[in-house]
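First comes one chain, alone, set out as structure tokens in the form predicted alone.
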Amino acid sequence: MGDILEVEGLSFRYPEAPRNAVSGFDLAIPEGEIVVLAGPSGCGKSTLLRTVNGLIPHMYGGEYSGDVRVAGSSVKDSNMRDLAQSVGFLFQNPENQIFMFSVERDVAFGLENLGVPRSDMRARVDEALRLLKIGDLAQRAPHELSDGQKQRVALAGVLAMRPKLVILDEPTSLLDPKTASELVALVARLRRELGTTFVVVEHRLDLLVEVADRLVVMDGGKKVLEGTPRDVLFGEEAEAHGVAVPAITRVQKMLAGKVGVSADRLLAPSELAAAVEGRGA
């Protein structure tokens, strides 16, 4: 398998802006990876995402240099219709992309716009509803659903398009901890079952460290850190760039000298629980 996303020397400046929103950015993501993109507000994350789904340069003007390729095709040389079938985008607020009278119609909306044959559309909608385990919601009105259910409906609409790459923009920001954890588990399952590649912009890193392959940190429009979540979060520079080390790590450090838990770099609650249970055994 090759790289599904290739960003080479990307720089972009909005009209009248005093400086670049993104500068000299390079990134390669192989098929099937889960990559988390983090960094302080205004660091360039949103601009980078717009270059991947084609909003830049097709809908936002400005100074653009470098190249972004999805599945080998340059975004700036592709039309938005083709890009919509290669790159799926789940907005921070699912209300922004569910607006039909039933869940089933919402999931089918993108396919209808592309003129997908009705028999194929029926199969793809059913498949998406099954994958997201929301078949029982098919005839429900979206406004009747919980935030977590709305998130699943919006994601089903994205997956029905069968994109090669899915971008999730702050997907847990409106969710309670339990529902947020369920969404992260869903992402891991879809990667496992479908081989879907995910780029996730997220501040609540403690939810994703167990499933992410890589963590990329941006600051000032540039990529400043990249590596496994464990390597990046325990490096000396992470917090200096506005990235918070998961709370469980601080708890682990406090417990290390009291209950004999090792000072190994633990990131997830399950790792701490295993360390404490191991000590008790």
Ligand SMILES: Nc1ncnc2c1ncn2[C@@H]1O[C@H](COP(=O)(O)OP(=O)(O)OP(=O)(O)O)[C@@H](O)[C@H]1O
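Keep in mind it's a predicted model, so treat the numbers as computed, not measured. Heads up, when I say rigid core I mean the largest set of C-alphas that superpose within 1.5 Å between the two forms. The numbering used is simple: start at 1 and walk along the sequence shown.
Absent from the display: the form predicted in complex with the named molecule. The rest refers to it.
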Counting non-hydrogen atoms within 4.5 angstroms of the named molecule in the model of the complex, say which of Arg140, His203, Arg191, Lys164 makes the cut.
His203
Would you mind picking the one in Ala212, Val243, Val232, Cys43 that has a heavy atom within 4.5 Å of the named molecule in the model of the complex?
Cys43
Can you tell me which of 28-36, 234-242, 64-72, 44-52 lies within 4.5 Å of the named molecule in the model of the complex, counting heavy atoms only?
44-52
Is it true that Tyr14, Ala21 and Gln92, all three, sit within 4.5 Å of the named molecule in the model of the complex, judged by heavy atoms?
yes
Given that the partner is absent here, does Glu170 sit within 4.5 Å of the named molecule in the model of the complex, heavy atoms only?
yes
Taking the rigid core as reference, does Gln92 move its C-alpha 2 Å or further between the shown form and the other one?
yes
